[in-house]
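Okay, so here's just one chain, in structure tokens, the form predicted on its own.
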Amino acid sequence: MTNPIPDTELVPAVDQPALDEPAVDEPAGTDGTRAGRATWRAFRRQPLGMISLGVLALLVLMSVAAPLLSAAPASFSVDVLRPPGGDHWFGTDALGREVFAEVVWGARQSLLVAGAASLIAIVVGTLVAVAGAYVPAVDSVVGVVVDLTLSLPVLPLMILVAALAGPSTTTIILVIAAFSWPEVTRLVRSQALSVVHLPYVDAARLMTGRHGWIIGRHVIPAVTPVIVVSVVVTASRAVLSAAGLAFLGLGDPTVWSWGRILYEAQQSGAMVNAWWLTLFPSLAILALVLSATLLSIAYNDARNPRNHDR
């Protein structure tokens, strides 16, 4: 007598999803794109951030369009120390030169020094910070060098190096960059140290031995927001450093800058009586530094995910 077939064998098999079927993921980079758009939407809702961005854009536009706004400052004129008015918007200096032309043309040199010095400082500081965070043996050396450099009196050393090297645009850029990269390294290194120990970076190390690819693909993009803030802050400090060196007579004497306007006013002895000689270049420096600072603050607030859905 044959055994009856169990009931379980009579039940039709239900199709089960294959375990080896790949899951459908979103394209790579979608999360980063969405985060960037959310940050921009949050940034646009901050009035101070948008005003600061507009002021910076206006200063850059003024420096680019300087030949269209005013002729280059003349050597001298008979209109000496004229106060601001209809004929002379910002007044004239001790040699009769237009202060408006000096401020407009000085923006080109001031922004050039700020941009070039901050670019060099950002590149060097970021590479040193990421290398130190990624390689523990290098990190101890980087930490000592950064702490030692930040403890030095920066301004006297900048004055000494600029005086020994001679006044020129290249000297000013290199001197400011040489004393600016440690601050960038300190900011980026603190963020990179937390990134290199994340699981996806450890997984990337197991998948490939190309450390340069890992740093460029995973580490640097993760610290990019800190780099953006460092660019703005470093550029504003570079403007102050360049103006200070030029005011001490260590700037490039062949080109106009905001610091040179103050230096010329101090050398002529008209700084006390002719208030407009110091007011307008000082306002230009203040506008650049203040707008850069507010822009970095607004960007940091916009990066906060809590502000994305407001």
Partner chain sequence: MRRPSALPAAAVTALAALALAACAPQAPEEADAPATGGSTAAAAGSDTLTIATTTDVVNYNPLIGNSRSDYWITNLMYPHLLSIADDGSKEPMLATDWGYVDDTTGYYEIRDDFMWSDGEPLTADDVAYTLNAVKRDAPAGTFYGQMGTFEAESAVAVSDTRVEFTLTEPDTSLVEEIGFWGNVVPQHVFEPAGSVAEFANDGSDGGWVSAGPYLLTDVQAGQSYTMERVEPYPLVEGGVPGPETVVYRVLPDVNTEILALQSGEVDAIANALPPAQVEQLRSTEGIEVVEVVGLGYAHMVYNMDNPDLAKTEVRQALAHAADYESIRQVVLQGQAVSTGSSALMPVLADYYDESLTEYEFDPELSRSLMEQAGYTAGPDGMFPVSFRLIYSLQDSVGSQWAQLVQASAAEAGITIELQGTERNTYLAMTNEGDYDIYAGNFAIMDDPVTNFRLSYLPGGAINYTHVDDPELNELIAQAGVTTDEDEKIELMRQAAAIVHEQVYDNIMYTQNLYVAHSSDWTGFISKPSELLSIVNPVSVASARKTDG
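Being a predicted model, the structure only gives us computed values, none of them experimental. Residue numbers count along the first chain shown, from 1.
Omitted here: the form predicted together with its partner chain. The next part is about that form.
Only one of 280 to 288, 249 to 257, 62 to 70, 49 to 57 places residue heavy atoms within 4.5 angstroms of its partner chain in the model of the complex, namely 249 to 257. A heavy atom within 4.5 Å of its partner chain in the model of the complex is found for exactly one of Pro84, Gly115, Pro225, Pro167: Pro167.
The listed set Val146, Ile120, Val201, Ala94 contains one residue whose heavy atoms approach its partner chain in the model of the complex to within 4.5 Å, identified as Ala94.
Looking at Ser194, you'd find every heavy atom of it more than 4.5 angstroms from its partner chain in the model of the complex.
Within this chain, Gln266 lines the site of its partner chain in the model of the complex, having a heavy atom no more than 4.5 Å away. Using a 4.5 Å cutoff between non-hydrogen atoms, Leu206 does not count as a contact of its partner chain in the model of the complex.
Using a 4.5 angstroms threshold between heavy atoms, Trp213 stays clear of its partner chain in the model of the complex. Although its partner chain is not shown here, in the model of the complex the stretch 49 to 80 places heavy atoms of Ser75, Phe76, Ser77, Val78, Val80 within 4.5 Å of it, in sequence order.
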